[in-house]
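Only one chain is shown below, in structure tokens, and it's the form predicted on its own.
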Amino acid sequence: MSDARLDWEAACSAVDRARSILIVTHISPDGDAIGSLLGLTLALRERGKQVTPAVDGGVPEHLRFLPGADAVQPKVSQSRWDVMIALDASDEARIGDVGAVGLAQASLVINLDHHPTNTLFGAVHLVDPQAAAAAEIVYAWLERLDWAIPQTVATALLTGLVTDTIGFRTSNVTPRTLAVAQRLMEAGAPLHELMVRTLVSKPYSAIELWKHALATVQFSDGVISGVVSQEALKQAGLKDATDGGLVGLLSSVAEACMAAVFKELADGRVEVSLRCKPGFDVSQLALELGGGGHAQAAGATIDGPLADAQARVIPRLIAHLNGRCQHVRTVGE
């Protein structure tokens, strides 16, 4: 989808009437998922709402410094909620087990997202593909509700903006995005600290992982790719399927227009992370593979083994480029 679906009146009315609210976000959550989850949770609790924030597996270690992170539940049991709010998730499968419980037990589902591949699940939609991050939509919602934004909420939402735009470097950053960031800073959100914690600082285990993964890097016809195997994760002392930011590193290569990292999961499936330069689009390929995302950053989980996954995806990326990755684009192209 390309047009926004913003049912502001229905969303505001639903939250105003609700007492119990379940808020969930997508599996393998990133900074925007967790920032939006915590920002909205804290804002609703300020208004006296009974809020249950949840995401499969809980908050990732590197984001647990955020206010309210310790209250996020890694799983939920059968219950009843007046409203479930699904954040930053393009489809029902992406909200995992906690989302499945909510879909079955909530009286109303609000879908808040900014992915162009959103399937418009739920009854009420706050879906805007033009927003740079889900946190930007959460801010717009709080602004429409005319709620004051305390420092804790501002910090969580600015984390979402910073991480999803890679420090305001993606092509979907607009004057509105920067204006929202300014207002969140004025509310006390520490931009420099958030940039360092989420974009600059890395644990040594990530470097250990790169030592193994960089040896697998291949470059062909504008597509650069790498592999993170279970053995590499084991050698680095990591349990979760992460690339430690490798896909971002590969996408920065000047000669490459598309980047892919293939992460082997414990069950044998493969998580594919895709990135591309402005002017190209990996979201539709991700959607075809059963995933989704943005034009420049998307992903999917597909059947393995690793070699088969690479053989399926890389030729499709090369075919999509169709020989167009010939030069470095200049500003305005």
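Don't overthink the numbering: it's just position in the shown sequence, from 1. Remember, it's a predicted structure, so these values are computed and weren't measured experimentally.
Just so you know, the form predicted together with guanosine-5'-monophosphate exists too; it's not on screen, but the next bit is about it.
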Interface stretch in the predicted complex with guanosine-5'-monophosphate - options 304-312, 270-278, 36-44, 58-66, non-hydrogen atom within 4.5 Å: 270-278
Residue 159 versus guanosine-5'-monophosphate, in the predicted complex: is there a non-hydrogen atom within 4.5 Å? no
If we define contact as a non-hydrogen atom of the residue within 4.5 angstroms of the partner, is residue 297 a contact of guanosine-5'-monophosphate in the predicted complex? yes
I'd like to know if residue 29 sits close to guanosine-5'-monophosphate in the predicted complex, meaning any non-hydrogen atom pair within 4.5 angstroms. no
Decide whether residue 53 counts as a contact residue for guanosine-5'-monophosphate in the predicted complex under a heavy atom distance cut-off of 4.5 Å. no
Partner contacts in the predicted complex for 99-121 (non-hydrogen atom within 4.5 angstroms of guanosine-5'-monophosphate): 115
